[in-house]
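Just the one chain here, the form predicted alone, laid out as structure tokens.
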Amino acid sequence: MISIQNLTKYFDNVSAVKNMSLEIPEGQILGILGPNGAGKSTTLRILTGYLPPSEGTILINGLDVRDQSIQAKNLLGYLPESSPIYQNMLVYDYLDYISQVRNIPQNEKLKRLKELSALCGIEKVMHKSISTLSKGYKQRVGLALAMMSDPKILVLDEPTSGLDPNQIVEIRSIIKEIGKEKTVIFSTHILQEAEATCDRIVILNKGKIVADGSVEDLKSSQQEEQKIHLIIKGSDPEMVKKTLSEIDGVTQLECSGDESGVEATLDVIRDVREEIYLAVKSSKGILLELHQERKSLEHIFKSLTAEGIQ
């Protein structure tokens, strides 16, 4: 659905996006992560036609966002980080106004407003002034704005920024519901948000893609070194240490305890669980527990973007 090829954006002599290429299929929820200044907002602004690229192309359903801007924008709904809603209007009046701007036929307008109020959970505030709403409800109104023309693609820039935990969960639920029928692309620096919501994650650092895949794919690709925790009964700690240290792939080993229970922690560079089982068995011990610690998304993010964090 979306094809980004060799995208680059300069601001004076500073490169905010560097030679980015990305294919986004229809129906995917894609999260773009990165530290401040990584190029997230710039990429979304170029994608939605608000900024021209310095180099490269973006095609949306085969439409070039630079040469066929209006046709491409008709496929998009966009909510920037600072939602452009009119604070002095009632929610209903504002969305009614937006429906006219978006050329929603008069005979379809009321149905569309009802659908959006239900989807975004704003039925109870439709006749309240936007200025009196909490930030969470204002963000829901912004989502209704972005969805007014029933776009095929929804683009959200930091949609949960500044919200409290309950509001974040509510917005996440709305995004997942929308993602059942739409392609959704959103930027965030909240790792739990991306992990809980996205089908796919792209991590940016200094304008470049440094990781791309599902959460599980990213975790698997970063498992260069892992920790394994063991609890063993009925074996001498020194015997356990000697036996386990002889396994190929174990880079570090710590043991403590006695015959009633030995705790061991191993740093390994490959999957050695089968060898551990056999080694413990040969030492006459009983393996009570084996836990392989995997890197979290937070560890992966830090390792890939550490130089970009100011």
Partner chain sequence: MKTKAINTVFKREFRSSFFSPVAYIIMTIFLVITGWLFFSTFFLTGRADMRNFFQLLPLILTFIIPAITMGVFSEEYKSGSFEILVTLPLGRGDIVLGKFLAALSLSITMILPTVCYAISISAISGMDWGPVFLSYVGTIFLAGAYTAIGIFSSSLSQNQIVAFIISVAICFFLSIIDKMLVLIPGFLVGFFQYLGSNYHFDSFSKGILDSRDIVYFLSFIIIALYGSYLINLEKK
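Bear in mind the structure is a predicted one, so any value in this text is a computation, not a measurement. Positions refer to the first chain, counted from 1.
Omitted here: the form predicted together with the partner chain. The next part is about that form.
This chain is displayed without the partner chain, yet in the model of the complex the stretch 45-53 from 247-255, 45-53, 26-34, 261-269 comes within 4.5 Å of it by heavy atoms. Not displayed here, the partner chain is approached by Met89 to within 4.5 Å at the level of heavy atoms in the model of the complex. Though the partner is left out of this view, Leu95 does not reach within 4.5 Å of the partner chain in the model of the complex, counting heavy atoms only. The closest heavy atom approach of Asn103 to the partner chain in the model of the complex falls within 4.5 Å. Although the partner is absent here, Gly136 lies well away from the partner chain in the model of the complex, with no heavy atom inside 4.5 Å. Scanning Gly121, Pro80, Pro151, Gly234 against the partner chain in the model of the complex with a 4.5 Å heavy atom cut-off leaves one residue, Pro80. A heavy atom within 4.5 Å of the partner chain in the model of the complex is found for one listed residue only; from Ile178, Ile228, Val155, Leu145, this is Leu145. Of the residues in 53-77, those that come within 4.5 Å of the partner chain in the model of the complex through at least one heavy atom are, in sequence order, Ile70, Lys73, Asn74.
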